[in-house]
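Just one chain follows, in the form predicted alone, and it is written as structure tokens.
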């Protein structure tokens, strides 16, 4: 494993079984660091079962804003043995644990009940911090008058470990107490007190036993240097943009990772003119949103790959009826079929481009970071209304679940554009909903508007909306609808189509889309030679001429795709006729890291065309079988491990 870390950032990771509270600990720590003026990038990896399987949450911390993670770990907090050594109690182990990723001079905080780790950690110059989690928790509970109850409250071990890790890096406890208390309403003050005391006991233990060991310390910035900032996830940014844009109907059927967005909207819908509907399936979700958009309502639906597979007919209906939307948010995850439900991937690009029978207009865009999640979601409703077509926004699990520190979104310049509407006072003859206008956009009406009655059908129709199979009418209507795509391409601001960084003289141009943005921006500053970055945001209609012009002037090109088949590279070649010199792909369900980008660049320098990256390095695909067998042999040759303390469902790779 490569353990070269970015010197400006500190990587803190907490791992344990799902259901043990790692989410709470990591997110509280992120908020505390943010209030102290530090910058955070946080990302979580978790299994698709509810409890028991391993999860880990990583905070990348710095005084400047990190935009990505790296594989090396500076400080590891382990709530169980699996976090350290892997799932070697399984018949078919899947990982070796995280202790091997800890950098030299780094630290590992773990439960001393696991036993001696001296002979089980790969390097000897790593600081091991064994801590009796339950004993410290017992001390905290005793202070609260709850004697001999540590086993009953063992779920709070994560709070003890959370406090201890802050103590080990000498972080000011007052920030921890502030965020802990802020997470509980006044009526649950007793729970806040319990968590504060447990965290303080862990903090004091670490200050007493470990604090002098680590070289890295986290001290708050002076008050005058602290910027106003928030800690926000991708799904929250999308949801807030929908509220700002005036979305009046959100439909969904629960599916990971899209559900978090609708759940966030449900918490706030009473404060806005918004209705959230959990439908019986994804067919109903898209049909309800499309019908609402046809009726003049700003409507949206959110889903992931398996749910999107049920939606193409509804999208086609919205397009042929020239509804003002809906805005459809597609959160990509690993496929095919159910695939790896809680892991990330960018493999639905071709699916989104071609979902639905026949030719019909639509917009397909992909955000690259959380700021773009907000901006592009807001504008998507304007585009849906203006061009009267569905808008597909592509995100992925990594972008959905990551949390970053950002200044508050600028909202003063946001403008709602509802497009072209029928005005009864200027009526001249019968209202023609699908009038053949020069630019292909006909004034819309809404139910109940006097004089604005119209027919809507999923069949081909004439200007009135009545079904027509006439040859001339078909040619006219197809030209009318499809002509809206070049109009949109000419009018949508360039910053929503593509973005370009770096000198034209750079030897390499990195081409990418989606959530690879942050890691490529961070990695670009670490390579020995200057590189140029081209982010493609508008994927349909494709900004063909602009991309062709940029790439034709590039010396050498690398395309980064988080899928198996280099889908963006294929799309670029299809639209521009230009091939990439190298294709970097990652499809193991985990987001690409800085180490992997640097390893891929080195391989491209050697002339490698297809470059597969995983676990911090370039790898050969045929290694997979050997590594599966190596893990089984490792289990057979290791001492018996204790299974996770949180029960795993029967039959789940026992």
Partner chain sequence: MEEQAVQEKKYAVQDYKSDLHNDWCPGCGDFGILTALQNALANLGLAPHQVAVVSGVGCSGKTPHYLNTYGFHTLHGRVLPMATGIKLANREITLVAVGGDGDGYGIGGGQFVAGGRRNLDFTYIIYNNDVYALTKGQASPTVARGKKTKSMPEPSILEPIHPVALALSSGYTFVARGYALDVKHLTGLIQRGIEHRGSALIDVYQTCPTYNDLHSRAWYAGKDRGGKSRIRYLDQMQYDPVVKNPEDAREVAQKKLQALEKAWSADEEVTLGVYYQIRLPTLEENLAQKMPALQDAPLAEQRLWERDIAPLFEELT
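Worth saying up front: this structure is predicted, and the values here are computed from it rather than measured. Residue numbers count along the first chain shown, from 1.
Although it is not shown, the form predicted in complex with its partner chain is what the next lines describe.
- Here the chain stands by itself, but in the predicted bound form one stretch of 549-557, 535-543, 200-208, 291-299, 291-299, has heavy atoms within 4.5 Å of its partner chain.
- Shown alone here, residue 93 lies farther than 4.5 Å from its partner chain in the predicted bound form, counting heavy atoms only.
- Its partner chain is not drawn, but in the predicted bound form it has no heavy atom within 4.5 Å of residue 117.
- Mapping the unseen interface onto this chain, residue 273 counts among the residues with a heavy atom inside 4.5 Å of its partner chain in the predicted bound form.
- Contact check for residue 67: every heavy atom lies farther than 4.5 Å from its partner chain in the predicted bound form.
- Taken together, 509, 563 and 590 are entirely out of contact with its partner chain in the predicted bound form: none brings a heavy atom within 4.5 Å.
- Proximity to its partner chain in the predicted bound form, defined as a heavy atom within 4.5 Å, singles out one entry of 359, 574, 280, 438, which is 280.
- Interface residue among 154, 530, 350, 418, judged by heavy atoms within 4.5 Å of its partner chain in the predicted bound form: 418.
- Interface residues of 407-423, taken as those with a heavy atom within 4.5 Å of its partner chain in the predicted bound form (partner not displayed): 408, 409, 411, 416, 418, in sequence order.
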